[in-house]
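Below you'll find only one chain, the form predicted alone, shown as structure tokens.
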Amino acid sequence: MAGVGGQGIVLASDALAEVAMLAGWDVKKSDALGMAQRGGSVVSHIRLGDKVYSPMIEKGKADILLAFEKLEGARWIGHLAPGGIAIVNDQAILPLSVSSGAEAYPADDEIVGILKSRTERFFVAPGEAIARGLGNIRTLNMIMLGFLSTILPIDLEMWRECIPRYVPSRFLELNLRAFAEGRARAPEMVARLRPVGTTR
């Protein structure tokens, strides 16, 4: 998982790790926060399998890249295995180098070209639009987990059991709706992507 500080990536990766353990997998996880509190890059490595010895995923070995922001998706696409799955939220959060005028944010077709150079199995998800439709952009992480849940062999009830452990009770209903919205909007994505196995 990759994105920008404030998007709830660590919470999402914690929830994924727990639901995977509930499903019976061995799980290892590591977060790299960098300057996350200042809007910097945030990356979570999560490995799932029968037996996992290290959380870190080597460059070119990830089965799935779940990117919460477009530029971060392009930045981390090299970690994806050739032909792996990339789900990229259609949102641009300008880094300091861009907002200061020192650099330009890549055009959409440039980002798509970078993704295509690694895999044809990518999907640009309308996560930001769904979150804004729900009235709270902070639900993005649950929406992205909803997309992801449709391509992982984990029972829906396990997701519903785990999510309440990571969301304050006053926001639980909204976050469950966000997760459900991600799943509901996933058929277009699933039509392009085949289910994958776990990372050994």
Partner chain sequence: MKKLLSGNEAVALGAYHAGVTVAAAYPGTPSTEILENLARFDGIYAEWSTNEKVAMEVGMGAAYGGARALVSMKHVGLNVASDPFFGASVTGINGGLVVLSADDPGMHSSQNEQDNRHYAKFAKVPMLEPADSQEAYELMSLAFQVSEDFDTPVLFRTTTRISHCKSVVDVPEGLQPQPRPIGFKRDRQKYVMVPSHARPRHAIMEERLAKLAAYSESFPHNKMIAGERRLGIVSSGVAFQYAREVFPDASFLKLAMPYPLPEKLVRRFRRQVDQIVVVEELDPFIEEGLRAMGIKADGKRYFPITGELSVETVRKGAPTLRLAPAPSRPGEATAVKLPARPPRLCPGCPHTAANYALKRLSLKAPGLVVTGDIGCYTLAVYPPLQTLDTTACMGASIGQALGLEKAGVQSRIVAVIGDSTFMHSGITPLVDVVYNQGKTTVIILDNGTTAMTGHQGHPATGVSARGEQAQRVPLEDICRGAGVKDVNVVDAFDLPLIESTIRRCTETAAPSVIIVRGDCVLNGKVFGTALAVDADICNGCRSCLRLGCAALVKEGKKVRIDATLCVGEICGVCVLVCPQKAIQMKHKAGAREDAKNAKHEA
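Positions refer to the first chain, counted from 1. Keep in mind it's a predicted model, so treat the numbers as computed, not measured.
The form predicted in complex with the partner chain exists for this protein as well; it is not shown, and the discussion that follows is about that form.
- Residue-level contacts in the model of the complex: of E161, D26, D155, E173, one residue has a heavy atom within 4.5 Å of the partner chain, and it is D26.
- Remark: V124 does not count among the residues lining the partner chain in the model of the complex, judged by a heavy atom distance of 4.5 Å or less.
- In the model of the complex, T150 stays away from the partner chain, with no heavy atom inside 4.5 Å.
- Remark: V112 does not count among the residues lining the partner chain in the model of the complex, judged by a heavy atom distance of 4.5 Å or less.
- Among heavy atoms of D63, none comes within 4.5 Å of the partner chain in the model of the complex.
- Scanning 139-159 for heavy atoms within 4.5 Å of the partner chain in the model of the complex gives no residues at all.
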